[in-house]
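For reference, the chain that follows is the form predicted on its own, supplied as structure tokens.
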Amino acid sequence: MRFRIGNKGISFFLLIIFFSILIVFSCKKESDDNFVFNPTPHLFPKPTDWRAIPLDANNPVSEEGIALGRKLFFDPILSSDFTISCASCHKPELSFSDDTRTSKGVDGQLGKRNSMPLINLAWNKKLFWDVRSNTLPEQALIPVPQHDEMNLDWAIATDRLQKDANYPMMFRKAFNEKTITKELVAKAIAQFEMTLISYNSTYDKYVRGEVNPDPAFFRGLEIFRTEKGDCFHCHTLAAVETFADPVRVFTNNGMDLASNANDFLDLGVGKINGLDADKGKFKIPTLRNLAFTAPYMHDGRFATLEDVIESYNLGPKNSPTVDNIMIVKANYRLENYGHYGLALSAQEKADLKYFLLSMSDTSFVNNPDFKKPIE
């Protein structure tokens, strides 16, 4: 016996198959939309004798969040003309700083300050040279709409990401959120930046008892940590994570001459908080990875470490807000030794430079996890 299916039967059969497939895919999509991801917690390294990493309870660091933040950090999609990314001004091979006095934004616009290196940011209480931001996510929100940086409205930026082929699922996996917001973008970038930890310099290895440095290291260390060089007043050795004062955070180190608080070319912290007492003051920067982060100071005025050391050697310039430590030490030397400034010999300056460079970590700038991800 033979069964014959007519054209109408075939059409009905195909229609059933089509709707069955449609139902399966609809169920799968609904299932995907409601799926709850469990981001993988990131395990941070634990350098010996360091303070514990101050984690942000509102932004737990996950492997998925780091991967997303890393992609965003290197992606020019966040700039108006698709030419500038975070990495344009914070280059991994330069310890996430720039090698120009001020960096270029979209349309070649120059910024006003030197790009700070991004190292051990978890231990930084304040961010930017003028300490305007208190957290990494807060900091990450600022460059995108800044006209001389990325110059892109956040609404356009998030719309671009939402329409991208890959970003929506990456945000789902990292945050379990379907709608991409600027806050989530900032959190992801912050998670990646939290991983930028440098702890394998010669100095670190010396502290851990892994190396026995050259004599120049110890001569430079002695200058650094005594009144001979006065470095330790602002760059605290106890704060090994940053080699910066964790209490004062910002200061006026006597680089500029000013007769009153409004005479500074850059008002620094004082422009942000409106206090005359803080005009001309800037964040005390990290001394880590100085081998890679030239030029130096908030305006990139010094091309070399020799220039930096010589400026302190000559003594501070006076102004209403200059750090009292600078004035006291300078006047002490003038009164007791007949000279202003440190007056280090050529050998002492060389030894101090040698010690400062011992805080540089080659493994950090060569870490493949910090490079642009391979698409």
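In this text, all values refer to a predicted model and were calculated from it rather than measured experimentally. All residue numbers are counted from 1 along the displayed sequence.
The same protein also exists as the form predicted in complex with heme C; that form is not shown, yet it is the one meant from here on.
> Tell me which stretch of 203-211, 298-306, 169-177, 156-164 has a heavy atom within 4.5 angstroms of heme C in the predicted complex.
Heavy-atom contact with the partner occurs in 298-306.
> With a 4.5 Å heavy atom cut-off, would you call residue 219 a contact of heme C in the predicted complex?
Looking in the predicted complex, residue contacts with heme C do not include residue 219, since no heavy atom lies within 4.5 Å.
> Taking heme C as it sits in the predicted complex, is residue 99 near enough to touch it, meaning that at least one heavy atom pair lies within 4.5 angstroms?
Answer no; every heavy atom of residue 99 is more than 4.5 Å from heme C in the predicted complex.
> Would residue 323 show up as a contact with heme C in the predicted complex if we use heavy atoms at 4.5 Å?
Yes - in the predicted complex, heavy atoms of residue 323 and heme C come within 4.5 Å of each other.
> Is residue 129 close enough to touch heme C in the predicted complex, meaning at least one heavy atom pair within 4.5 Å?
Yes, residue 129 is a contact residue.
> Have a look at 116, 258, 77, 122 for me and say which one sits with a heavy atom within 4.5 Å of heme C in the predicted complex.
That would be 116.
> Heavy atom within 4.5 Å of heme C in the predicted complex: which of 198, 251, 95, 191 fits that? Just give me the one.
That would be 251.
> At 4.5 Å by heavy atoms, is each residue in 89, 140 and 231 next to heme C in the predicted complex?
Contact check passed for all of 89, 140 and 231.
> Does any residue in 204-222 get within 4.5 Å of heme C in the predicted complex, counting heavy atoms only, and if so which ones?
The stretch does not touch the partner at all.
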